[in-house]
Every structure is written in C-alpha cells, then in structure tokens.
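The data below hold one chain only, encoded as structure tokens and taken in the form predicted alone.
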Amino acid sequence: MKVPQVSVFLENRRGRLHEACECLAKANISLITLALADTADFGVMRFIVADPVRATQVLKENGYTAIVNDVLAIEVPDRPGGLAEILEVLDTGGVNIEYIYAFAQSTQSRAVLVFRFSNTDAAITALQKAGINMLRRVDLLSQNA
C-alpha cells in the first residue's frame, strides 16, 4: 500500500532539472509520475519510478541529494466534491497532509492522487476504515505499462 517515492533536491538554476532527468534517462529509468516545487534557492523534484533505490543511487553518483520516502496513491472520485470527501476522512482521523500531487492516469471514474502524510500509518487506518482504495506500487507500475 505504501509507495516509495524519490525526492531529489535541486539548485534553483537553469538547466539543473534537465541535468537530473538526463542522468535518469541515461540509466534507462522512466518516470511514472512527478511533482516539482521550488523556493528562491532550491527545488524538490518528487517522483515515482519502478526502481527507486536504483534511481536514488544514480542521482547520488551524479552529485545530487536524493532520498526515498513513502507516499500513498489514493483513488479519489472524479467528480465535484470527491477530494473534499477524502479530506474529510483524513481530517476526522486527525491526519496531517504534507503535500499532494496528481498521478498522470486515472482508474475508471476515479482520479489518482499521491499524498505524503506526517503519519502514513494513521492515514492508512483512517482511509481503510472509510473503505477508500489505496493503490499498491504494482498497480501504479501496471497503469504506466
């Protein structure tokens, strides 16, 4: 249920994102989904790949700071109010969301969003109690195939 995600820290200067992606491409690592956030001095590229350990190793070998952490890929009803319903479950469960980004593909009439929580296990418990589907890593990889 937990999905490993790679986070890589990038200097906020022209070409740095391209260089990181080029390192991954040369290692034949395909990005399944990604998000990029920035500040004045640096950015954080977060992404899901088939082999996060290898991706992290390749980035570190090329001078990047990269880590692997767990996220959840949650199916959200693709209709007005769908996300609000998921957020209500999490809020009621006392779960803090650190960030969210969209997965590029959907499943049937549901969008897939990637969530990072301050307490992933509490989020899993709250979501399971509410009957909300969380995708496994293998599900995400098969959608990208």
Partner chain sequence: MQTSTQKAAWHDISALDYLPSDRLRQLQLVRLQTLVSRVYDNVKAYRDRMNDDAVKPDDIRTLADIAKLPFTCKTDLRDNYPFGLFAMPMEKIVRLHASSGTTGKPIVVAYTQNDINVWSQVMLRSLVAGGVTSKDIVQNAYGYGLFTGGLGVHYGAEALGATVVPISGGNTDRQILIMKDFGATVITCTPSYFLHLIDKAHEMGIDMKTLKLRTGIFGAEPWSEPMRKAIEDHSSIEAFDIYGLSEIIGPGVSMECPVHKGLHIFEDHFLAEIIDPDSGEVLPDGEEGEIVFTTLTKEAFPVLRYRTRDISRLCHEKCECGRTIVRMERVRRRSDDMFIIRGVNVFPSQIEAALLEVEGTLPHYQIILTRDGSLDNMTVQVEVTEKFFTDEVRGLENLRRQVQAKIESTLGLHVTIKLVEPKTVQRSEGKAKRVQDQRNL
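Here the structure is a predicted model, which is why all the values come from computation and not from measurement. Positions refer to the first chain, counted from 1.
Beyond what is shown, the protein has a form predicted together with its partner chain; the following relates to that form.
Interface residue remark: residue 137 is not counted as part of the site for its partner chain in the predicted bound form, having no heavy atom within 4.5 Å.
Contact between residue 84 and its partner chain in the predicted bound form is not found at the 4.5 Å heavy atom cutoff.
Mapping the unseen interface onto this chain, residue 28 falls outside it, with no heavy atom inside 4.5 Å of its partner chain in the predicted bound form. Among residues of the shown chain, residue 23 is not one whose heavy atoms approach its partner chain to within 4.5 Å in the predicted bound form.
Residues of 2 to 20 placing a heavy atom within 4.5 Å of its partner chain in the predicted bound form, in sequence order: 5, 7, 8, 9, 10, 11, 13, 16.
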